[in-house]
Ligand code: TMP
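Shown below, as structure tokens, is a lone chain in the form predicted alone; questions about how it binds or moves come after it.
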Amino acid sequence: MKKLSMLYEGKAKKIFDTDDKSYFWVEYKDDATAFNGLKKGTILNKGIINNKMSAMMFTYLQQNNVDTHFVEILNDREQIVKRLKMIPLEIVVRNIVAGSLAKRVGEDEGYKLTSPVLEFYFKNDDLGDPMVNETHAQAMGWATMEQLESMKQMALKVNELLTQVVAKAGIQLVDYKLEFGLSEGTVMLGDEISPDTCRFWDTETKEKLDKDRFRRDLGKVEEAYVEVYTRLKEVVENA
């Protein structure tokens, strides 16, 4: 498969066309952004960690009957994925109160929810990725009710699988975002699974092992990314 012209450059990845119209070529970057692009920086080797971790976690999910766009990892920073028509929504799955939810519900970070919370957000940087509901999504033509239901059921299954595997690595899966797309009409998990898209806390110390270290200027960002990947790699490889 040949890498052709770049189709899109986002905050964390570059997407390239290939000579096979069924696939994209993805290159992970070290660029880091927060607060809808208002804060920008670089996290050393972030692209390498996120590429390897996404490949590992997507493979794990596929082995447990979750359809994802991942095909194969090529090198430290690049992978091949299926070409999806992306649904312009994010699902944020929350297990523990943190971030914006803490402000909305007036609860301290760390409060454990009695069941997972699913939130939909419209992917639009200019609007700040506003929260929306399922009737918005259907009325705006972003997704059908059937597609939304598939996304919710897949998100809950992903949550069950990921929560279990990270727990074995001494990590809490606080919350994370998922993106979905369509492949020949079938809803499929896309984007990435990494410390960029997930809040990971050490189970014992509650130390943050994710992008919040960049957002909140906590330091040791690179070390946290390496730490969470190393712990998960050992668990997944022995699963």
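Heads up: residue numbers just count along the shown sequence, starting at 1. Treat the numbers as computed from the prediction; the structure is a model and nothing was measured.
Omitted from view is the form predicted in complex with this ligand, to which the following refers.
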Just one of Asn133, Ser100, Thr144, Asn124 has a heavy atom within 4.5 angstroms of this ligand in the predicted complex, so which one? Ser100
Residue among Phe58, Tyr28, Tyr176, Phe180 with a heavy atom within 4.5 Å of this ligand in the predicted complex: Tyr176
Of these, 92 to 100, 136 to 144, 152 to 160, 73 to 81, which stretch puts a heavy atom within 4.5 angstroms of this ligand in the predicted complex? 92 to 100
Please check if Gln172 has a heavy atom lying within 4.5 Å of any heavy atom of this ligand in the predicted complex. no
Decide whether Arg199 counts as a contact residue for this ligand in the predicted complex under a heavy atom distance cut-off of 4.5 Å. yes
Quick one: does Glu107 come within 4.5 Å of this ligand in the predicted complex, counting heavy atoms only? no
If you check in the predicted complex, is Arg215 within 4.5 Å of this ligand, heavy atoms only? yes
Contacts from 35 to 69 to this ligand in the predicted complex (any heavy atom within 4.5 Å), listed N to C, are none
